[in-house]
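The form predicted on its own is given below as one chain in structure tokens.
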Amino acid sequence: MDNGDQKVEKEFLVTNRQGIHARVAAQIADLAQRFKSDVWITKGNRRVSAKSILDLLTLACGYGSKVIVSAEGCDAKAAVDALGSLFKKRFGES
């Protein structure tokens, strides 16, 4: 078994019109909770757990916000890739 933890981070743009609101935060948290790795979202100098809806909402990420999705653990790359896909699909919104 590979015990080597990975550390991955990528920057994404919030491109859905309403930004990260409650439904989107729930989508992010639900997906992040599926991974063993610690997963964070950073905006500016604030970093919060991507597994917490309330923490995500405190970032106040409106349309056009730049965020960094990062993860550390055995499935970090998969976690960042999965969350990145949500951002790229605009969370199913316009």
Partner chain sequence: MEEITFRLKGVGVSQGIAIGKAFVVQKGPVSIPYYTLWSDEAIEEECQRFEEAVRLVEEDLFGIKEGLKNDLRQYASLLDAYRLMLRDRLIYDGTLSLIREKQLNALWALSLTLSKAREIFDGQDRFADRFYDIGSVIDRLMRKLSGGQEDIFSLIRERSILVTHDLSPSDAAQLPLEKVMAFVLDIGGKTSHTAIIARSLNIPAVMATEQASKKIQTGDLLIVDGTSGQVIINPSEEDIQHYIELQLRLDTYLRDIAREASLPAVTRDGFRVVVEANIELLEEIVTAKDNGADGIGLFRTEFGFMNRDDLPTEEELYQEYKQLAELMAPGEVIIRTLDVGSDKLSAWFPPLHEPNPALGLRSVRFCLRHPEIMKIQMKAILRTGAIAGNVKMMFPLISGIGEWRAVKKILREAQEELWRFRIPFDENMPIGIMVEVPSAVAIADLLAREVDFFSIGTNDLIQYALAIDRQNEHVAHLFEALHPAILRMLHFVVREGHRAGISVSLCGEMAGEPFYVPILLGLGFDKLSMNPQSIPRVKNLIRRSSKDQCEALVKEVLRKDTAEDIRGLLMETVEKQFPEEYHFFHSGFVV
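Numbering follows the first chain given and starts at 1. All values reported here derive from a predicted model rather than from experimental measurement.
The same protein has a further form, the form predicted together with its partner chain, not shown here; the description that follows concerns it.
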item	value
Heavy atom of Asp38 within 4.5 Å of its partner chain in the predicted complex	no
4.5 Å heavy atom contact, Ala26 and its partner chain in the predicted complex	yes
Partner proximity in the predicted complex: Lys88 to its partner chain, non-hydrogen atom cutoff 4.5 Å	yes
Partner proximity in the predicted complex: Gly44 to its partner chain, non-hydrogen atom cutoff 4.5 Å	no
Its partner chain in the predicted complex - contacting residues of 47 to 63, heavy atom within 4.5 Å	Ser49, Ser52, Ile53, Leu54, Asp55, Leu57, Thr58, Ala60, Cys61, Gly62, Tyr63
